[in-house]
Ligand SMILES: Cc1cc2nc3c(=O)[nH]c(=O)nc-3n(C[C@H](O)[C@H](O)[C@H](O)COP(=O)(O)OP(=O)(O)OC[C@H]3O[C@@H](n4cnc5c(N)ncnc54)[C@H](O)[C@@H]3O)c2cc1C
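Shown here is one chain on its own, the form predicted on its own, set out as structure tokens.
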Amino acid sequence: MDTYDVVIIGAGGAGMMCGLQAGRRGRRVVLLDHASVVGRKIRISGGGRCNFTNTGAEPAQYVSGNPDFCRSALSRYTADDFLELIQSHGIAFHEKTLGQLFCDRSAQQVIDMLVEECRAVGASIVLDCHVRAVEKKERFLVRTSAGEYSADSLVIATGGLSLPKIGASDLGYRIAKQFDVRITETAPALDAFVFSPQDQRFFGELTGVAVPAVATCGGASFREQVLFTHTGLSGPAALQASLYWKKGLEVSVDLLPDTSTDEMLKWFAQQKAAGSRANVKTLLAQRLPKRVAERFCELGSVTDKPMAQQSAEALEKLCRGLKEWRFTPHGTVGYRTAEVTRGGVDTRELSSKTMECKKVPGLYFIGEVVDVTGWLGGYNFQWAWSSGWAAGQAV
């Protein structure tokens, strides 16, 4: 049996951050991971360039049963703190829209940085290591395919259920349940919406068309692009809205975010007064992709008659439909494509300062396994760094 001060199950972003912080404090640390390589989720993020944080990361951009829980960790280890670590390793980066920071070259640079930092403080990483059982007597005992490990502190950094193709599993939730730690309802999030069968048939011909829009769900609105797919609606704005969606909720989409309903009606009136002989969908194609214009004219029951023959009521119905297009998703695509898992270990069970389980001293939960889920755009990585840092100061 190998004896350590700290055993961390999961060598992803949160686990490695915790390991390097604990190691810096002189703790003897081992990280166990069932994968053959570390940081798979880091590697595929941001199109392979890792959207490693967001300059505007604040508690308001996170969803949780306890919205204030993330405040302590995020305030004590900020995006600037992680950026300082990135810069100390000479990793070039750039900012895209909305405060999103990416590596110039490759996500592998972030993985290599974290591994190097762990090695520098003597934190060991054991791969191809499958956890078979976890016990606690005086100390924690972790039985694995690679042997047995004993420690005073056990940190669960196993991630959520999203992206099973890269090894996601429910191990963290099973360990929580073993120790009678509550789990809030989990669901795939930052995921594309799936239309009802009827909507799939109606909007199917729009597959591949992207439109700048505002998507709203559950009281939250996001202005970015939406993308029509063969099964539903994707794109950044839709993915963001999915974080707030629950079965039965409507999603509202504004397809003309820079123009009010009144402005659209005035524009149509001007075309009509000028004696335009064009039909509505032809004129609307000046404001929207042609296929979208055609489909929404059909949805609004606007005929192919010239503009001069269109009624004011028909045009108002069309404009309101474009500004407040509403649909009720059949669901989302699911964990196989979702960026993250919403829900997880109930934050009421944990200390917001240390991530330690209140009822099981020495047991910690960090990262995606916890019921804290951020927006798309680097926020979930920042939660991994911040929660990992917080636990690393305490174990």
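Residue numbers run from 1 along the displayed sequence. Keep in mind the model is a prediction, meaning the values are calculated, not measured.
Below: the form predicted together with this ligand, not depicted.
**Student:** Only one of 336 to 344, 323 to 331, 64 to 72, 354 to 362 has heavy atoms within 4.5 Å of this ligand in the predicted complex; I'd like to know which.
**Tutor:** In the other structure, the partner sits against 336 to 344.
**Student:** Since only the chain is shown here, I'm wondering whether residue 32 would be in contact with this ligand in the predicted complex (any heavy atom pair within 4.5 Å).
**Tutor:** Answer yes; at least one heavy atom of residue 32 falls within 4.5 Å of this ligand in the predicted complex.
**Student:** Please run the contact check for residue 169 against this ligand in the predicted complex: heavy atoms, 4.5 angstroms, yes or no?
**Tutor:** Residue 169: yes, in contact with this ligand in the predicted complex.
**Student:** Just to confirm, residue 283 within 4.5 Å of this ligand in the predicted complex by heavy atoms?
**Tutor:** Residue 283: no, not in contact with this ligand in the predicted complex.
**Student:** Is there any non-hydrogen atom of residue 129 lying within 4.5 Å of this ligand in the predicted complex?
**Tutor:** It does: once this ligand is placed as it appears in the predicted complex, residue 129 has a heavy atom within 4.5 Å of it.
**Student:** With the partner left out here, if you bring back this ligand in the predicted complex, are 15, 46 and 163 all within 4.5 Å of it by some heavy atom?
**Tutor:** Result yes, every residue of the spot touches this ligand.
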